[in-house]
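There is one chain below, alone, in structure tokens, taken in the form predicted on its own.
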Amino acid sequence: MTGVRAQQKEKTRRQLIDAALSQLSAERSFSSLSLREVAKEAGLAPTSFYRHFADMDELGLTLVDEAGLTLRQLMRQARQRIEKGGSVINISVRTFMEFIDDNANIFRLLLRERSGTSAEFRAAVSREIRYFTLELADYLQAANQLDHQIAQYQADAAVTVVFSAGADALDMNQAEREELSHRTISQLRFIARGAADFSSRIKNKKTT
């Protein structure tokens, strides 16, 4: 019986999370949502909300955590595609643009709360982006035999470029996104070449 109750509780919690995400849009931010609206969208009484979250802020922080997890899963998905062959940068950008298509509201949440009025939300978003960047840096260092610091610099620059492109892509049609993808791929290639060059110089200095 306990197992069934736990499953039902998790199902209801998931309904609230999905309900909040479904109401986000280009015109609507998380801060504009009310507890009653989220509960109604989830098909629940407002009092049921408090069995899962202390308040809307806790729900919002949970959404940020989910967004971070989705980003890291995205990177792992891209790696699996890369292992089957193809350009690392090309596949990574294409995978990210697919993420924007499938998870526009999650990405909007990250963009908005990254510079929002809540210090707690800003810190949570920064933390998730930092985790994502560190994982990318570790991958770049291992895959390209880069100096650790250079890999970190490359990851920081790549995430900045890709997030900026993602923000632009939200309001673009398919043809515009395609052009944006090509431009982003070129920018990341420039960054990668610079990182490889700097890393090579550092290695040469150490051996002389």
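Given the structure is predicted, the values throughout are model-derived calculations rather than measurements. Throughout, rigid core stands for the largest set of C-alpha atoms superposing within 1.5 Å between the two forms. Residue numbers here begin at 1 and follow the sequence given.
We do not show the form predicted in complex with the DNA, though everything after this point is about it.
Residue contact check for residue 9: one or more of its heavy atoms lie within 4.5 Å of the DNA in the predicted complex. The shortest heavy atom separation between residue 182 and the DNA in the predicted complex exceeds 4.5 Å. Among heavy atoms of residue 45, some come within 4.5 Å of the DNA in the predicted complex. Contact check for residue 34: a heavy atom falls within 4.5 Å of the DNA in the predicted complex. Residues with any non-hydrogen atom within 4.5 angstroms of the DNA in the predicted complex fall in just one of 174-182, 47-55, 161-169, 147-155: 47-55.
Once both forms are fitted on their rigid core, the CA atom of residue 9 lies 2 Å or more apart between the shown form and the other one.
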